[in-house]
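The data below hold one chain only, encoded as structure tokens and taken in the form predicted on its own.
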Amino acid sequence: MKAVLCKAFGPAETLVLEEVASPAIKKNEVLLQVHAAGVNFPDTLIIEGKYQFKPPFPFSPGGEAAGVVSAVGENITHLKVGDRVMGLTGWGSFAEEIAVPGYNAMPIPDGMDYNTAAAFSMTYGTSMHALKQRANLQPGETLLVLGASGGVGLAAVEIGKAMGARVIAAASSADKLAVAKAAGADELINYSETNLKDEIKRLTDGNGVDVIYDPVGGDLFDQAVRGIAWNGRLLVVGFASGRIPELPVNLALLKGAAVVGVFWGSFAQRQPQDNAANFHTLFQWFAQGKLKPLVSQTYPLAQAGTAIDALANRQAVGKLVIAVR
């Protein structure tokens, strides 16, 4: 089979496409013939040795895949050969085949194609866990989404609306905000042209926002935390800006606010029943048309490095997908 390989930590242009042996599956795994693989922010980090996991060389990036089951381990009972499946892999999905742990593999719902399925699990799983388990977002509350045109940001906008929140989308350009508006955002903030904290105050009559969804970090975190409401919750999702911010903890004290970490991958392993319940709801919302994953561009397997670069340089809107087959 063909696979995109990282043989040493470095930039995306050092990735190579080579022929490798097909993976052997263990008792608790399925073998997936990959049709499509999602590109996510961890892919930009793992190839440079900056992610919390460092796979042994050589390895393929790619944390999620969608395809068809071609073999099942002896302990697998919920899937069979021929099933259409989406799988969370951590790494390895930029390849024609991958072994996926059974607990990380779910049937693709009817009406969802492979590209959409490959763009679904990580972004919607992360945002659902963030807003449900970590923020306990309530109907009528105000949700601010930073980086609202990216994969997890757009998912947060749609899920926030489905949960009954008033959603303020923040992004760096009018074009990106138009995408967030189409996804259901009620209010928009262009933080390249206006002061984020001032706009939050203006749009909330000085009260601040109940929940802040932050996959960006850096300067935006510094401004957003000053616009949080009493009993607000600030969700730490990621640091796409490249800088991990520091919090003046007196701000949390004065607002009775909580700063809450979001690590969906660990949640999915530690609380599989809760994760399954989340996806049951997400699939219902997808069937009802409340969730419309945006795949803005697809790339062939040989151009996986180009896709990772586009994401790293914050050029992507919605999700980028590698069309493996």
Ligand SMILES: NC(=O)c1ccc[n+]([C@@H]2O[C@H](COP(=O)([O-])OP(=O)(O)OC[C@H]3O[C@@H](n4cnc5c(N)ncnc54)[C@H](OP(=O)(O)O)[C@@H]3O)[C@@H](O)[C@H]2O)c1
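None of the values given here were measured: they were computed from a predicted structure. When you see a residue number, it is the position in the sequence shown, counting from 1.
A second form of this protein, the form predicted together with this ligand, is not displayed here; the remarks below concern that form.
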Want to guess which of 158 to 166, 131 to 139, 240 to 248, 111 to 119 is within 4.5 Å of this ligand in the predicted bound form, heavy atoms only?
240 to 248
With the partner absent here, would 216, 263 and 314 each sit within 4.5 Å of this ligand in the predicted bound form, counting heavy atoms only?
yes
With this ligand left out of view, which of 171, 143, 224, 106 would have a heavy atom within 4.5 Å of it in the predicted bound form?
171
Is residue 151 close enough to this ligand in the predicted bound form to count, meaning some heavy atom within 4.5 Å?
yes
Check residue 87 for me: does it contact this ligand in the predicted bound form (non-hydrogen atoms, 4.5 angstroms)?
no
I'd like to know whether residue 40 contacts this ligand in the predicted bound form, with contact meaning heavy atoms within 4.5 angstroms.
yes
Contact test in the predicted bound form: residue 176 vs this ligand, heavy atoms, 4.5 Å
yes
